[in-house]
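Next comes just one chain, in structure tokens: the form predicted on its own.
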């Protein structure tokens, strides 16, 4: 089976397209290992022309860690923190009986990394295209390895030991919302420069939508560094734009990439099915 699989670069920036495998069927361990290595090597994998049920996608997610297949419950505790297990989610503007069936329905979305507001962020995210608009709604991926490598030595030295505070407000749409986020929302501290546990390469770990500030630096100084790094990470030479097609399945590495979304016609439907992938030893709760 592994001999029939074709790996083709998606772009000069990052990513690979994988053909020659039917993910609606079980996959042997040797092939799973090969796919995981491709994931580490390329950061974003695209499997086109896959006709998948939700169970197939969850089985695929488990190739890359612990697929978050619990029952997704939208509830908050007394401190307004979301509780419940991670599970399947639709990223969609489709409405049934006047109500959205998914989340993140419309418009652009700034660069971010899924789960960065958790102490143990999501290792990966899988997304499957079900309904795709005629234009727009592209997913942009930024290569944070390349962004780190391109920093001057002076900037590398400056940021090497910095720690950031990361927050996610599900209603935030711009950086001003992040800076002023409700104090009860979940936050995590992460090193601004991390070493990827599988590749051993250094990568930046921050995003315009979710990184609130730099711990132990004056606010103005920290914000100056962050804004410079956001602009740097989002340079075109570090970004690949994925133009979705129906039955595309993507998986990406949240440990070394950021992603964003471009706008699309509000009168057209867009629906994608998402499963996140946690580290095997991460807490099950959100």
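Residue numbers count along the first chain shown, from 1. In this text the structure is predicted, and so the values were computed from the model without any measurement.
FYI, the form predicted together with ligand OGA isn't displayed, but the following is about it.
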Checklist entry - Looking at 151-159, 105-113, 189-197, 170-178, which one sits within 4.5 Å of ligand OGA in the predicted complex if you count heavy atoms only? => result 105-113
Checklist entry - So in the predicted complex, are 127, 139 and 270 all sitting within 4.5 Å of ligand OGA, heavy atoms only? => result yes
Next on the checklist: Quick check on this chain: which one of 91, 146, 132, 88 has a heavy atom within 4.5 Å of ligand OGA in the predicted complex?
Outcome noted: 91
Next on the checklist: Only one of 261, 66, 59, 232 gets a heavy atom within 4.5 Å of ligand OGA in the predicted complex. Which one?
Outcome noted: 261
Checklist outcome for this item: Checked 181-213 against ligand OGA in the predicted complex; residues with a heavy atom within 4.5 Å, sequence order, are none
